[in-house]
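Presented below, as structure tokens, is a lone chain in the form predicted alone.
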Amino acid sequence: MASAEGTRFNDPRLRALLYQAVLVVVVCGLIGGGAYNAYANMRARGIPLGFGFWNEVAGFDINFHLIEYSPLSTYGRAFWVGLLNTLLIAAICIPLATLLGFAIGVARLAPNWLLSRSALVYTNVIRNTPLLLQLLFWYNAVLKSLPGPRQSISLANAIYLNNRGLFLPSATPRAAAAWFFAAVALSVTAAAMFRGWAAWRQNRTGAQAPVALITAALILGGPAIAVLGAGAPFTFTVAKLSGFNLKGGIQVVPEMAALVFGLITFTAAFVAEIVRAGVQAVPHGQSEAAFALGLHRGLMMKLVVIPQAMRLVVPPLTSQYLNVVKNSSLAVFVGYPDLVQIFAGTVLNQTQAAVQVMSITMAVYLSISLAVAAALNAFNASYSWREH
């Protein structure tokens, strides 16, 4: 009997299950002990244990918000302001950093010596300089050194740049806006259908159609006809000097501009290296075959190299997009009111609900990161499926 029991205990699968059960018990004990210790300390010091602060009056102002907010709004409203401000930065920086990074990455491989070396210097300088230092440079050395509102840098008396920010004309929809948006939707649909038909025709007959020219004509022509027929779809309001500042229009505060410029230039340097590595990973024989078929360098990159490089580029791009979201939390150092500054900063200091506030903040960043990763993984899967 003892020999049989010893034999069962020596079973690797049984030992593995036993060790895992012990590990689960230890981990649960540590988590439970930590939670009880936090609960006891919070209760002893009078720190809020629940989320009742969510509906209390915040009592502080936020200088930039996409939704209605005032000092009489609640902490919950402040949370949504910070979340939308964070998502706005991500929505602006991710596509612009991608476009700039792809351009610099392709320039790194250009036959032009000056162009390739300039791209090399850019990527080496930006990638080896701390992001926080770059944000402070954009904010203090570039934007704060701009002239005051009365000496604003003007573009066509419609766009103004000064140390208070960038002032753009604001658009108010008119009755013709519905026709304009309908024309845009129809034009984009027609362009997509034409591109599909042109690809089908080329696969069957080999004949190429001027896709780029006709697509541009469709996308621009439809809205232009709508404007000529129904009138201007928007009324624009330009900022005007009033007292010591400009009033009206859309103001992009310097804090937001510094954060956007810093994140775009920083992320684009890493995207450029990813693109360069992906392009160089494509076998050289593919380029030689494209040249043998008579394709010039532009068409060779567009039709042969870049499509094959994308399956190698997309996975590491996911990490860079996640870094954009997480690095936006450095906004606190330039004063941009993102989620960290508003909720994990001001709200935490006023309510002392550290556990609840930090848990919510971490859960938000985790959710955003998982959503971005899921979207990129789905795109990568669909792209790989189309390749095969």
Partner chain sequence: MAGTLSVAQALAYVRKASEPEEPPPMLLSGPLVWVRDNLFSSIVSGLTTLAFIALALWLAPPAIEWATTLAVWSAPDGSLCRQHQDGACWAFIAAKLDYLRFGSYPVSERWRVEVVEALGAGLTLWLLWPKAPRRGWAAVMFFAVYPVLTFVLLRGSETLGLPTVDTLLWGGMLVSLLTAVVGIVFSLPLGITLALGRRSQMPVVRLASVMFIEFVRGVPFITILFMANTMLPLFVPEAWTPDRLLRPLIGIALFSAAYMAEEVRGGLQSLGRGQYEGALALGLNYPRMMALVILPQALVMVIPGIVNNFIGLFMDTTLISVVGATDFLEAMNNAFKDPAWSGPTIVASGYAFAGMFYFVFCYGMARYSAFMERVLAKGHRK
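Numbering follows the first chain given and starts at 1. What you are looking at is a predicted structure, and each value in this text was computed from that prediction instead of being measured. Here, rigid core means the biggest group of C-alpha atoms that superpose within 1.5 Å across both forms.
Another form, the form predicted together with the partner chain, is not on view; read the next lines as being about it.
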| Counting only heavy atoms and a 4.5 Å cutoff, which of 132-140, 222-230, 277-285, 167-175 contacts the partner chain in the model of the complex? | 132-140
| Partner proximity in the model of the complex: A207 to the partner chain, non-hydrogen atom cutoff 4.5 Å | no
| said: Would you classify W113 as touching the partner chain in the model of the complex, given a 4.5 Å non-hydrogen atom cut-off? | reply: yes
| query | For N203, is any heavy atom within 4.5 Å of the partner chain in the model of the complex, or not? | reply | no
| request: Answer yes if any heavy atom of G34 is within 4.5 Å of a heavy atom of the partner chain in the model of the complex; otherwise answer no. | output: yes
| query | Considering M362, L49, I67, V26, which brings a non-hydrogen atom within 4.5 Å of the partner chain in the model of the complex? | reply | M362
| query | Going through 259-282 from first to last, which residues have a non-hydrogen atom within 4.5 Å of the partner chain in the model of the complex? | reply | none
| C-alpha of V364 moved at least 2 Å between the shown form and the other one on rigid core | no
| query | Is it true that N37 shifts between the shown form and the other one by 2 Å or more at the Cα, once the core is aligned? | reply | yes
